[in-house]
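What follows is a single chain, given as structure tokens, in the form predicted alone.
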């Protein structure tokens, strides 16, 4: 994709309106190269269609007809003063049209994320943010011997595993320990302790992939590195709740209610070394706990899969990779076990198609980012590429079961932000140490929301700062040092979404937050506001694009709740993300209602297995890492017995 001078001028106008800098020494977006970075990120994304859409938009951006359609005035964007451009963008973001609001949010993210990544120290000084921590001293050699492909390659194995995260890691260990030859394919690269310096630009660029829903309502984040999401997750360990296990069993996979799955959970719990020894609350969680206690609510202590965590400065950057090697990701546990048992691990290789002959899977066709072909011939294929990429691979491979890609489940998440008099420094402290489940069952059927905190660094946090002007945006970022974020994480009830593929074979996600889930989110947001107010917050706000603010000293919460409900959660209204993505190739008891059978095998193709978050029959309601690993362990154990 080649952007012209016309495109670059339009992108610079947009970026400099969102991020004009100020007279106090903070430079504009153009001054730090943010427009060029934005175009580079767009051009290097996985979907060519997205870059083409941006190219078309930028080509039209400065025309009178476009301005009339978008902003209600025929004046070219470039002919407006900065204040007029700001008002035009706010009008776009406040529009009654969902597509216009979604466009505003896409432009905001496209401009402000590169800006906060590029501007660096002048902005950090206003927040007391220290910047990157630097490469860790005396980091050990990486323990895995990941291989790169340098030319056309054909390999043979008993099992080829697609993906190396919470789904692929345990499967590789179990199958290799059973004496089977195993090859693991990972689309991302291998990064270890010495690569994790706490720099957001490197960490986000190397370790994450982001797919937005087609209507722009929610952004989905997945890990893209050896170890997958287990490298960047918040080390929060929940066993699958008994109520959820019973629900899954009732949908046709009876083993979820059996000792078999309990044994799998036990094995995962032990291998991860889940512990509460490193769950000392940092400043964020101290606020959460204090507010809960003031209201008479319980605040539970989280279990974490860590050993040697500093629970301080380094821990707060763990979403960019653990520099201490304390987090027991699959790259530190299951993949090491698999390698010790003879498994081979290939990185930078993306599976494009499962090969099938006579109704049976025969292997995988893959390619490197440079297009070098890789073929792995195998007796069985184990797909664990995550809930976006797994159904995409199955669909590209010609499978037609209508449940593939359907029943997509998320934990839609937003945040309530409390401005404290005390210093919070939300990028420090234990990743997550406390949670509140007061709103976890709002319908009597186990659906609702849990409250947790999360470390917030400037670029990641910028997504949760609404934009009304360039000056206001910088002022809100400067408040991060005194801000506590309470994440509202909803267990969605349905009807769920769908993953489909475009003409280019890349995933497209259709997902809209259902009315009952929106209601649960709003109830939990009001509860989170009460909590941070009880902890001493002097101002509480949501992530709505239109300012939705409550100052507890000025009166009750009723008007704030009315504002939350008036704004709602529609596309472009509220900052929404999902890091827990589930259910798009769900396990069940019949081909009419599920994508794979209780053994994890696809109904259409023998020898083709799925075990990752996409296997979930419904959303787990808690952080899903342990549940994914237990499903993988259980499915791989069954497969190993069958192949032997």
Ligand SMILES: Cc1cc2nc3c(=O)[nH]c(=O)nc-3n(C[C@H](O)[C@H](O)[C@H](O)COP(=O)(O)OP(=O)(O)OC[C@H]3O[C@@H](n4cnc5c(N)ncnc54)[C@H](O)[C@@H]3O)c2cc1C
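Numbering follows the first chain given and starts at 1. Here the structure is a predicted model, which is why all the values come from computation and not from measurement.
As for the form predicted together with this ligand, it is not shown, yet the points below apply to it.
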Using heavy atoms only and a 4.5 Å cut-off, determine which of 255, 350, 428, 95 is in contact with this ligand in the predicted complex.
-> 350
Exactly one of 279, 339, 236, 181 comes within 4.5 Å of this ligand in the predicted complex through a heavy atom, and that residue is 236
With the partner left out of view, is residue 230 within 4.5 angstroms of this ligand in the predicted complex by any non-hydrogen atom?
-> yes
Any non-hydrogen atom of residue 163 within 4.5 angstroms of this ligand in the predicted complex | yes
State yes or no: in the predicted complex, is some non-hydrogen atom of residue 11 no more than 4.5 angstroms from a non-hydrogen atom of this ligand?
-> no
Might residue 240 be said to contact this ligand in the predicted complex, defining contact as any heavy atom within 4.5 Å?
-> no
Thinking of this ligand in the predicted complex, which stretch from 245 to 253, 528 to 536, 186 to 194, 373 to 381 has heavy atoms inside 4.5 Å of it?
-> 186 to 194
Using a 4.5 Å cut-off on heavy atoms, what residues in 427 to 449 are near this ligand in the predicted complex?
-> 432
